[in-house]
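Shown next as structure tokens: one chain only, the form predicted alone.
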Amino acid sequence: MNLTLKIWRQNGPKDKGRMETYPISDVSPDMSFLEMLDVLNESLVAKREEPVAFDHDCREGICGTCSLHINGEAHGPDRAITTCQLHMRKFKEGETIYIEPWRAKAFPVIKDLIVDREAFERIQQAGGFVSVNTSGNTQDANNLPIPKVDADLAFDAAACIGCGACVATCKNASAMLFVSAKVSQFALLPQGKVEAKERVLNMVHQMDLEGFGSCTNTGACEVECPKEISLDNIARLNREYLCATLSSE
């Protein structure tokens, strides 16, 4: 395929930034989206031009670093995948593809398509730890029975990879889906009960400090989430937060 790429170039958070146009040819439909960008960068380096900066790591849909806004959609025109799992067969011959970084105040652009997502790290750090012994002198798993429904829901919430697609998709740049997943994975299990109230209060407080917007239950975050994190987690977060707030008064 022959394609036209419109790519956001920005030298840093204080740079105004601009769209640059790059024609690219002989793109195989079997290439992943990141492999296509690799080919583009190889051609730019060969011409002694600066390559496009983009983030990536595992390229297996696990790490969540390949965060790109493609034609107005987080991770591109497919569902339940990350950008590294997106293949060029999703695009047509001669198509123009717009590639941008996440757009959120709390995710400042580092360079080109790379944004700083340390806000997510600080939210998780605010959540703290579980005081239950989970290493060393651990109990047998069968000594602590957990209903399968709760275990499955906790596992589903823990599948969140913190890519930020929910924030990039939300019209308010809300981080509620991410925070609710991190709260839910502990709130559903007995190991997370000890610090449950302190955890949810601290994480929501940190989320607000980071400058994320409010949730308006639009549901776009759930649609674009590569791990299909459910909006039910946001409802659980609200219940946990309300209970923690009332009990602390």
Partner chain sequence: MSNLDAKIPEGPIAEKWTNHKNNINLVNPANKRLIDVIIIGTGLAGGSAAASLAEMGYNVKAFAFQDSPRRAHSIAAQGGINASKNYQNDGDSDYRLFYDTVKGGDYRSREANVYRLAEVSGNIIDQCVAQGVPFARDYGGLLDNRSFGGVLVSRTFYARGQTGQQLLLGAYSALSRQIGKGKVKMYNRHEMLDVVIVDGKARGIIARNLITGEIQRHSAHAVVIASGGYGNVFFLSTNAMGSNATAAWKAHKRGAYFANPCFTQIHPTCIPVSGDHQSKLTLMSESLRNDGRIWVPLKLEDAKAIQQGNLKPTDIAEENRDYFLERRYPAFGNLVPRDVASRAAKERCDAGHGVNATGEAVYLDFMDAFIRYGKEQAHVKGLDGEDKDLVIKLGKAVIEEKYGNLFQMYEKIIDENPYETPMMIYPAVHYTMGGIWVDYNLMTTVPGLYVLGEANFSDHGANRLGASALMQGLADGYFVLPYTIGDFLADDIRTGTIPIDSPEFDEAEKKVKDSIATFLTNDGDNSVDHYHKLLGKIMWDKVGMARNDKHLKESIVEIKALREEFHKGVFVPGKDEGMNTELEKALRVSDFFELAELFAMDALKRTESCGGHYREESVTPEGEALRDDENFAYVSAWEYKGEPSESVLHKEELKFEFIELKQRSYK
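This structure is a prediction, so every number in the text was calculated from the model and none was measured. Residue numbers count along the first chain shown, from 1.
Here the subject shifts to the form predicted in complex with the partner chain, a form of this protein not shown in this document.
J.: Which of Cys170, Ala104, Ile97, Cys160 has a heavy atom within 4.5 Å of the partner chain in the predicted complex?
T.: Spelling it out, the residue with a heavy atom inside the cut-off is Cys160.
J.: May I ask you to choose, among Glu222, Asp38, Glu198, Glu210, the residue with a heavy atom within 4.5 Å of the partner chain in the predicted complex?
T.: Here the answer is residue option Asp38.
J.: Given that the partner is absent here, does Met31 sit within 4.5 Å of the partner chain in the predicted complex, heavy atoms only?
T.: It does: once the partner chain is placed as it appears in the predicted complex, Met31 has a heavy atom within 4.5 Å of it.
J.: Report whether the minimum heavy atom distance between His56 and the partner chain in the predicted complex is within 4.5 Å.
T.: His56: yes, in contact with the partner chain in the predicted complex.
J.: Looking in the predicted complex, any heavy atom of Asp152 within 4.5 Å of the partner chain?
T.: Residue-level check for Asp152: yes, a contact with the partner chain.
J.: Using a 4.5 angstroms cut-off on non-hydrogen atoms, would Gly72 count as touching the partner chain in the predicted complex?
T.: No, Gly72 stays farther than 4.5 Å from the partner chain in the predicted complex.
J.: Suppose contact means any heavy atom within 4.5 Å; which members of 59-98 contact the partner chain in the predicted complex?
T.: Contacts from 59-98: Arg59, Glu60, Ile62, Cys63, Gly64, Thr65, Asp78, Arg79, Ala80, Ile81, Gln85, His87, Arg89.
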